[in-house]
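In structure tokens, one chain follows: the form predicted on its own.
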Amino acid sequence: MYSENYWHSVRLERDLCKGCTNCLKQCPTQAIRIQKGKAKILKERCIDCGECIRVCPYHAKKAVTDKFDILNNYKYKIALVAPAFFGQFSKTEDCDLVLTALLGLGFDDVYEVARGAQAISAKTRELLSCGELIKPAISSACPAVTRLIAVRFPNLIPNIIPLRSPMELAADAARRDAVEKTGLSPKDIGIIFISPCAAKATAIRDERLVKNTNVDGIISFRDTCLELAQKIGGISEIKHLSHAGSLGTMWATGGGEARATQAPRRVAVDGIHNVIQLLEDIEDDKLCDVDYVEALACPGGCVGGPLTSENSFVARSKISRICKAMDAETEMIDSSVDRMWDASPVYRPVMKLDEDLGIAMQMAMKIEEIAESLPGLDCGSCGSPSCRALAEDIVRGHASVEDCIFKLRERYEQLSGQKPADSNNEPD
């Protein structure tokens, strides 16, 4: 059977799992099964979107991120701050106050990812105007979406705009500035991204997504907000540390990225299931008149990430107010920092059944045969997300036909000599 090792930030804590099937039903790539009363994540299918983290009522899905002790590994530490972070605080919308508070957590400096977003927006406008992109051009900013395309929509890989993510661009610029400022070696400088999502943690550790990352660690919004809660109110001197404009900061919310490109024919979609529907429409040539597509896995954009601490609607409103008080664009990242990515996403053949083509074809035929025999209700009671997924699991040797409760009932009735109950008959 075909398999390949991928690094993942989304992990299962089996002791907490109750086998409730919530994650099974919501996973956009059918990467979860329920076996022996516990969830199991199929690594080759998982895109680390964090949807299972969001819907699990028992908190059995976790994102692997770093703790603050990672700062001890570096002589000079820089907090790389996502624009959505400014919407996480109930008592302040002052970006400078938030950034100043971060210095009290052990960071020596801060750098806003919104500055990277400004630069990427400007480069996107340039590429769109030059006519160099395959239309509709799909943003490369969300790592969960690029991974989704690599898994389910490989024909759309050429449509992805070949630009680095704002996080990577900002990290590169932050390291260069720090080397010039401190005289330290680049390896002595730690760039720590404050993240709203699990997919970013995957992106810096899986070379299939980013070949040469400048990000040294990931700390979640939640962990950071917990640390800041007691410090942010006691700051007496606020430093002027914010240098981003509204065009970069608005990337925190759904539609902000698309507006920043100023493309006249643009579409913005958020929420992984909505993204899938849109990508299917692109494959079916239903968006031929669209120039640019912003696709974000989290509902509402990054403010709705699974590692955030504030209600996404409240955070979105705060970001909107913050942007109104900003200039559109302020300090740009130096043009010497390369905007283009170093490698495109690679197709991940998760449906590959076997290295031997003949065996794979036989397995595929068997899957279709078994799927035809199943009821087609996709109820999930068997522990697979759909009847066809169960058929595949049976052929792969991970399940049996009797896992289907309807097939099991048929088998029981055959063995016991009972006839199926007629639900339309009235009781005597």
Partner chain sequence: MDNAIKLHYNVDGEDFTLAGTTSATVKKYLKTLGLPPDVIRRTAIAMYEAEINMVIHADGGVIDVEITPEKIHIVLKDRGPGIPDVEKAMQEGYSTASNEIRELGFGAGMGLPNIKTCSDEMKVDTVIGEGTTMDLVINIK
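Since this is a predicted model, take the numbers as computed values, not measurements. Numbering follows the first chain given and starts at 1.
Just so it is clear, the following notes concern the form predicted in complex with the partner chain, a form of the same protein that is not shown.
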Q) Of 325, 357, 130, 340, which residue is found within 4.5 angstroms of the partner chain in the predicted complex when only non-hydrogen atoms are counted? A) 357
Q. Among the candidate residues 55, 64, 364, 379, which is the single one with a non-hydrogen atom no more than 4.5 Å from the partner chain in the predicted complex?
A. 364
**Q.** Triplet 280, 347 and 352 all within 4.5 Å of the partner chain in the predicted complex via a heavy atom
**A.** yes
Q: Considering the partner chain in the predicted complex, find the one stretch among 227-235, 91-99, 212-220, 281-289 with heavy atoms no farther than 4.5 Å from it.
A: 281-289
Q) Going by a heavy atom distance of 4.5 Å, is residue 155 a contact of the partner chain in the predicted complex? A) yes
Q) Does the 4.5 Å heavy atom contact test between residue 368 and the partner chain in the predicted complex come out positive? A) yes
